[in-house]
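Below, in structure tokens: the form predicted alone, a single chain.
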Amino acid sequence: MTRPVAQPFTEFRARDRVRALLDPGTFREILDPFARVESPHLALQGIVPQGDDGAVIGRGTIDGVSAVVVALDGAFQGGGIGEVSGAKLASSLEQAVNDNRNGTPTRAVILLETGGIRLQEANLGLLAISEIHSAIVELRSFGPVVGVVVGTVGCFGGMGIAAGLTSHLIMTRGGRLSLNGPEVIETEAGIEELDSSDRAGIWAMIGGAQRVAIGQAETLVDDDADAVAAAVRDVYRTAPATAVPARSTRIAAGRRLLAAVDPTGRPTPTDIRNLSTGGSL
């Protein structure tokens, strides 16, 4: 018997990723490219805008339950958040909050392929990200909010904080998660601080396997569309009756980890793993 060929999730564009996570035949896009809701700021800076502004909002069902799946298109402006894309994400999550309040259980999944705010729309992007953060926190009171980081852009900046606010984060080994990206750190602090071309070192520090190992993500999956979809469904199928304290509320554990790290000693990824599991340097 021939084994089915795996479909790498990273090879899907944002729209196909959203469709892959919803029940077959239920995908309905809100403000698709034909709506032409584009950023009014990019053309003024010589950048060709995109009809969906790099954000795809899908409504449908997951295991028969109403769901919203939002995705950022890393191929457009590095998945950066601007006025329009940010408003699309924030409003879709806020609508999910309203649906839950009004008695329609609605699941929320966020596909994070983004460098953070779009520098051409920095202030507007920051405002939108703050609204996204607030919506995620409020949605958590109704059930798990699932984040997915698979690569190839990774998840950085203010949307790295959004990933940290989710109830359950799914990553592949190729996914990266951090506040500042390697290139930004090298540019600001110099190659002595971090060599952004050291791919093995970068993934060892902020890749999916490391984030899961140190408790900053919950599930490590293969880069396979079926595997990612199954992991999302498993979160909801196994969700406890009472909410597990969100990662972002474990403040004491975070403080203990920070207190144990000597910033002058350059701890290795293995050192951080040991500290995260109660060990010492």
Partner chain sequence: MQTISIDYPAAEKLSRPVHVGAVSSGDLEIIMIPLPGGSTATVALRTSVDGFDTIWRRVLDRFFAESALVAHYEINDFGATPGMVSLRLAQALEIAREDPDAGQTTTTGGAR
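Numbering follows the first chain given and starts at 1. Source: prediction; values computed, not measured.
Another form, the form predicted together with the partner chain, is not on view; read the next lines as being about it.
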Is there any non-hydrogen atom of Gln77 lying within 4.5 Å of the partner chain in the model of the complex? yes
Decide whether Ala230 counts as a contact residue for the partner chain in the model of the complex under a heavy atom distance cut-off of 4.5 Å. no
Considering only heavy atoms, tell me if Arg256 and the partner chain come within 4.5 Å of each other in the model of the complex. no
With a cut-off of 4.5 Å between heavy atoms, is Asp16 one of the residues that contacts the partner chain in the model of the complex? yes
With the partner left out here, if you bring back the partner chain in the model of the complex, are Gly174, Asp195 and Gly201 all within 4.5 Å of it by some heavy atom? no
Which of 68-76, 207-215, 100-108, 139-147 lines the interface with the partner chain in the model of the complex (heavy atom within 4.5 Å): 68-76
Would you mind checking 30-48 for residues with a heavy atom within 4.5 Å of the partner chain in the model of the complex? Pro33, Phe34, Arg36, Glu38, Ala43, Gly46, Ile47, Val48
